[in-house]
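Single chain ahead, by itself, as structure tokens, in the form predicted on its own.
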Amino acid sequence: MEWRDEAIVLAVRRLGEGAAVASLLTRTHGRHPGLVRGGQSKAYRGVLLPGNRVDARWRARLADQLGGLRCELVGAHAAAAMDDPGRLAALAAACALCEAALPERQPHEAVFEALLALLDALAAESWPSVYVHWELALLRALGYGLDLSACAATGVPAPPPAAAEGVGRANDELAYVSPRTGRAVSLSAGAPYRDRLLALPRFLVAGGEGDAAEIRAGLALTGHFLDRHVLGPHAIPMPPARSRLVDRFRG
């Protein structure tokens, strides 16, 4: 058995004195592990870093074996984020979530494309908002997408929010999400139950960038559904790297 594929490094652990086991997210073969001989060597030092894009070659006698990997660096995303703790935290969180949430050896090309887009977007100032959208995309790709198109209680589509900063929200603007169904609820319909609903940050509906409080609310929203539908049913804890990213936006 042998294949060659585009891949993003998700995680690496040492094995013995010189080898390493790398977990990759590949375009067509899903999340896939492999043994990298010499993976701890100087030649691989800047290659096997979470977030790096590589050209991967895997070979094994049988399809379900660990197999051997050879990786050549294509994009050094880890090095590009190294000097910025926030960007590095987002990169680490995204890779850790993919490692925890994706079943092994099952194709998830949409997740690969979304992660690749996020890694490219980390160079922009809007990266925190893009990261929250990425977690929404991950939920959607796994079959647990949120419905933010209309109010679950009234069925009324959301109007565009007021453009000016500081302007209060209209009564029919989407402002909450049901923690059970993942459907949006308008400000007026959700007011009596707001203590039991999740906040819906405006930028997730209207676009643009969110401030620190809105990013925090967005991470709380996606984190709830990642835990409820993706991680919790398999008794998988939220990755520490993701928790560290959340801590960066705490007031």
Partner chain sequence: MIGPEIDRLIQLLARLPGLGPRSARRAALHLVEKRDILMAPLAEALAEAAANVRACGVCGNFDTVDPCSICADAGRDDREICVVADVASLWAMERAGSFRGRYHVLGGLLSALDGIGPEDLGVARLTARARDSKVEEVILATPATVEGQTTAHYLADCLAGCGVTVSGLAHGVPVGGELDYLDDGTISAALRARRRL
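Residue numbers count along the first chain shown, from 1. As the structure is a computational prediction, the values presented were derived from the model and not from experiment.
Another form, the form predicted in complex with its partner chain, is not on view; read the next lines as being about it.
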Even though the partner isn't displayed, in the predicted bound form is Val74 close enough to its partner chain, meaning a heavy atom within 4.5 Å? yes
- Looking at the partner-bound form in the predicted bound form, is Leu49 within 4.5 Å of its partner chain by any heavy atom? yes
Exercise. Indicate whether its partner chain has at least one heavy atom within 4.5 Å of a heavy atom of Asp84 in the predicted bound form.
Key: yes
So in the predicted bound form, does Pro240 come within 4.5 Å of its partner chain, heavy atom to heavy atom?
yes
Within 4.5 Å of its partner chain in the predicted bound form, heavy atom basis, the matching stretch of 114 to 122, 85 to 93, 142 to 150, 127 to 135 is 85 to 93
Flag this candidate site as yes only if Arg13, Ala78 and Arg248 all have a heavy atom within 4.5 Å of its partner chain in the predicted bound form; otherwise mark no. yes
